[in-house]
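So this first bit is one chain, no partners, the form predicted alone, shown in structure tokens.
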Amino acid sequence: MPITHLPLNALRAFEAAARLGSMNAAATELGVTHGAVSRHVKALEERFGLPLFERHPRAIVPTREGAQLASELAEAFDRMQIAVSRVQPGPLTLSCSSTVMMRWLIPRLEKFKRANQAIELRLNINYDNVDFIREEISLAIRTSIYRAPAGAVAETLIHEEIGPVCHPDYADRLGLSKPDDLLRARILGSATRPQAWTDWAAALGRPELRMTPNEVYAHFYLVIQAAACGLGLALAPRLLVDDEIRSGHLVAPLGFVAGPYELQLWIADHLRGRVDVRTTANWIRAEMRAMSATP
């Protein structure tokens, strides 16, 4: 098949449907209708003379030939995206969780922008897995709970420190000074890290402490805010509460201990040579080291 005759739109629609396991999802990603994706796939099947999907009531599953085609198309589209990004670089995109963005990045961003006015920085909110090529991510800050994807290089920024935090008046009222005191406190949890209290008890050498949350919040920034408002004790990484502790809005009555995870910087491998990516990565490293070095 001559390259000028490749049905690129149909191949793109098929690859998206195979990767996402749904023609509806593929249509949403591509900004077209379900019918358009379905027609593209049908046209390819007629062209090749074989089925590319097994169609089930609630899902589509690639056939053996369809799976092979989808895998090779995914690699080809990724290579095309990388080639385009090298010829026409887009803005630098930094991805991190909403809590890291709100409580660590944004308070430091003005200083970064003042020192690096030529860098166009775009922010992406995400706390778990991310496709660096398809979502055009340059850098990501993540915990080692998650594994860096193919196409990204991971490095350790800091070893995470974790500890219980609360409003100063709450700590004084309950007389919190040792781990067993927490058994009479109201325990707050986060849905994004449900094992946080168990991790802390293990890191403390007291795995028998059963700190069952009385209330669970959807995000870290919500549970930290609840603690700052006197609603109980939150278990938080020091990174996310350091500024509030220094300002006196929060206290860590038992201090912090080394947790089981690292905070990592993920760098898009194909963008590592870009000056703006190197500059931003160096700034993140320096800010993390400065915070970690402060008692």
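What you see is a predicted model; the values in this text were computed from it and never measured. All residue numbers are counted from 1 along the displayed sequence.
What follows is about the form predicted in complex with the DNA, which we do not show.
Screening 226 to 234, 247 to 255, 32 to 40, 264 to 272 for residues having heavy atoms within 4.5 Å of the DNA in the predicted bound form returns a single hit, 32 to 40. Each of 9, 55 and 58 is positioned with at least one heavy atom within 4.5 Å of the DNA in the predicted bound form.
None of the heavy atoms of residue 282 is located within 4.5 Å of the DNA in the predicted bound form. Among residues of the shown chain, residue 277 is not one whose heavy atoms approach the DNA to within 4.5 Å in the predicted bound form. Under a 4.5 angstroms non-hydrogen atom cutoff, the DNA in the predicted bound form has residue 23 among its neighbouring residues.
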